[in-house]
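Here we start with a single chain on its own, the form predicted alone, put down as structure tokens.
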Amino acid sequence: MKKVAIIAQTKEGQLSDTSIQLISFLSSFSPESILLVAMGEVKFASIPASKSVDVITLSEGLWTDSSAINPLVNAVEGYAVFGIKSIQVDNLLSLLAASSSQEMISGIQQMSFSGGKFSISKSIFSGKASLSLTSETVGYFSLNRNFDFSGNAEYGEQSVGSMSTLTTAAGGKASILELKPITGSIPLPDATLVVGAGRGFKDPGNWTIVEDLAKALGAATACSKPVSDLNWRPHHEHVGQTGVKISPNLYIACGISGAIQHLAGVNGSRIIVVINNDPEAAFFKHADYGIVGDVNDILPRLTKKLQEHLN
């Protein structure tokens, strides 16, 4: 592989954990050069890669305005461009692909590179099936958040070769009116562990046991559509066909029947655990592990066991 570009996300100037994993994984393909496109402030001076890495940082409007994307299109010309799925990353990848008239492959679960070809396994039909394909052309690739990084080589810290900033042109159509970062919780699209709950809890006052389990796991909380419709939980926690679509390593569904609309939002999860007092609940057919019982009894016991194990 000749050239690799990586769309990386940063937090407080540092690379996100998934971006670090992606850099190490792609370094195992032995590319001739690596370009890191950072979405956010950059403070790091080294990168986990097999060689020196060049870095471009983007101003805010550059990934929201198609008329301002041309400088980045030119910068990544001839590169295979990769990113870990998020709203921002997928928006940017799709803009780049459309602007350069190239293909974008999303939902990638596994990938290898040999003989000048990418071998790819990707999810289709809202995660209900997988598709295997090969690609010989340089293109744009969006990897699922639960992408299988197992077996990738580890590299020590390497220096940053060069650093530059791309900004939007004066008079661009996009402008940032206000930024409202989510604080005090783990954003659902970024979560690797999620605890979801439904109307099986019967009362919003019972939600504390869901939050206790999520806190013990270091997980985000989610809910089914009926719960958000009843205003038991905020709408940004609604997971499903018309809500947020997630692909964590672990999704624990508590008191959720498993309607097809909810399944469409969680089928990308690597492991699904279902807890429900109805042994005929449809969700058990799609679960890797199932527990039949009262969520109000099981969750506190599960939380206690986790706390004992972690302490």
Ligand SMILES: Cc1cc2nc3c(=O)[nH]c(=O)nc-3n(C[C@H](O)[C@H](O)[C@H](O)COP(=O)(O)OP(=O)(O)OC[C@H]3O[C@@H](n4cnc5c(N)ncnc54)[C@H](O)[C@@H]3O)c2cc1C
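None of these values were measured; they are calculated from a predicted model. Residue positions are given as counts along the sequence shown, with the first one as 1.
One more form of this protein, predicted in complex with this ligand, exists but is not displayed; see below.
- Stretch 236-244 is the contacting one of 142-150, 236-244, 76-84, 106-114, since its residues have non-hydrogen atoms within 4.5 Å of this ligand in the predicted bound form.
- With the partner omitted from this view, the residue of 302, 15, 295, 22 that lies near this ligand in the predicted bound form is 295 [heavy atom within 4.5 Å].
- Shown without its partner, this chain lists 257, 28, 33, 267 as candidates; in the predicted bound form, only 257 has a non-hydrogen atom within 4.5 angstroms of this ligand.
- Proximity of residue 202 to this ligand in the predicted bound form falls within the 4.5 Å heavy atom cutoff.
- Contact check for residue 122: no non-hydrogen atom falls within 4.5 Å of this ligand in the predicted bound form.
- At the 4.5 Å threshold, heavy atoms of residue 261 reach this ligand in the predicted bound form.
- In the predicted bound form, at least one heavy atom of residue 278 sits within 4.5 Å of a heavy atom of this ligand.
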